Ligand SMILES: NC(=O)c1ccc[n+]([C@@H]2O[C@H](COP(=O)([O-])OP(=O)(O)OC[C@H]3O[C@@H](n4cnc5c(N)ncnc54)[C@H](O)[C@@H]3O)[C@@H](O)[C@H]2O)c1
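The chain below stands alone and is given as structure tokens, in the form predicted on its own.
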Amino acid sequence: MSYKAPIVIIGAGGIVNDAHLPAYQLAGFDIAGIYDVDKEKANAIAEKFDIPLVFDTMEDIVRLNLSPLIYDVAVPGSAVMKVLEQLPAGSAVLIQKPMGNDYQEAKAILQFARDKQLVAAINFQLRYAPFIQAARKLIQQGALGQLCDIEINVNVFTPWHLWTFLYESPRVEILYHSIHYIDLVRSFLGNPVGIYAKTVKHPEMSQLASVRSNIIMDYGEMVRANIITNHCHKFGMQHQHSYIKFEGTQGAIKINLGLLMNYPHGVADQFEYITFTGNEPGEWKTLAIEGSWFPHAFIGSMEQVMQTVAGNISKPDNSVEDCIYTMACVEAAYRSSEKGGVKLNEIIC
């Protein structure tokens, strides 16, 4: 991509250090400056990634008056609106997920973006991961026949202590993790009819709201879309797994997500696929994929905003207008979890 608008980073947390800035370096994006309420953190990241400006205040960024400019807002969901309110009308902004803490906040962000005519996108970057792009290409080419099954299954040990703000959040696992998988399924299948879900805590992580989830996205009688996550498997690597599986009438794809294993160090990803040859299944094949979820997928989500600013596309694929539906699915999942299933005493009477 030849057109690259300068970027100002707002927020200097772990995700900026581990994913945003490494991705932007790979893509050759121009980072104009960085701001964080903790200036020491901002200074440390600026030194590490050779960022020329560290701003003292949000007002200093706006005063810079760079045009075009893309604001990369990497703050917790509760702080998103406070940042947006300080940006000039018509700004281009990529907002780190989630789109607020709940659906009401998401609707407020959407309306604010409309009123202020922002080019606004949400950083649901998994849909742009290199292995997902490869899967999408195979599916679009018809290699799997009719797509009828998506399963995401995660059984790992996640070091939640790396994100201290989550200990204050009333919602954790779905809002900050499985939200990626909900968005991913939507990117392939569109909006579901409904959601069935249960998200629960763990005895050894009782300070956190929830760390394990089962989510069923309802696409009718012919399609199954399931998300199963357990972040508490502390029993070594032997039986940990983390995969995305697509099945169609003529083939299947299985992607092992290495990032989530032994996090944050990770292990290698693996992309396998199989297709029918005539009436018989062929052999499983391994496809070499260059790049992974972190940091490479973060290039794609920012590129969507850049392409829009350049006038090459009308709006980002990950626009707030689209991602509001991911937030609606998240809200539905929490409501389903709170409501519970059919009670046994309603059956036995």
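The first residue of the sequence shown is number 1, and the count goes up from there. Keep in mind it's a predicted model, so treat the numbers as computed, not measured.
The next section is about a form of this same protein that is not shown, the form predicted together with this ligand.
- When you look in the predicted bound form, the only residue of 134, 110, 147, 83 with a non-hydrogen atom within 4.5 Å of this ligand is 83.
- Proximity to this ligand in the predicted bound form, defined as a heavy atom within 4.5 Å, holds among 79, 208, 252, 267 only for 79.
- At the 4.5 Å threshold, heavy atoms of residue 55 stay clear of this ligand in the predicted bound form, well away from it.
- Contact annotation: residue 36 falls within 4.5 Å of this ligand in the predicted bound form, judged by heavy atom distances.
- Mapping the unseen interface onto this chain, residue 276 falls outside it, with no heavy atom inside 4.5 Å of this ligand in the predicted bound form.
- Residue contact check for residue 41: one or more of its heavy atoms lie within 4.5 Å of this ligand in the predicted bound form.
- For a residue to qualify, one of its non-hydrogen atoms must sit within 4.5 Å of this ligand in the predicted bound form; none of 120, 324 and 326 qualifies.
- The stretch in contact with this ligand in the predicted bound form, judged by heavy atoms within 4.5 Å, is 93-101, chosen from 189-197, 267-275, 93-101, 138-146.
- Taking this ligand as positioned in the predicted bound form, the residues of 278-300 that bring a heavy atom within 4.5 Å of it are, in sequence order, 294, 298.
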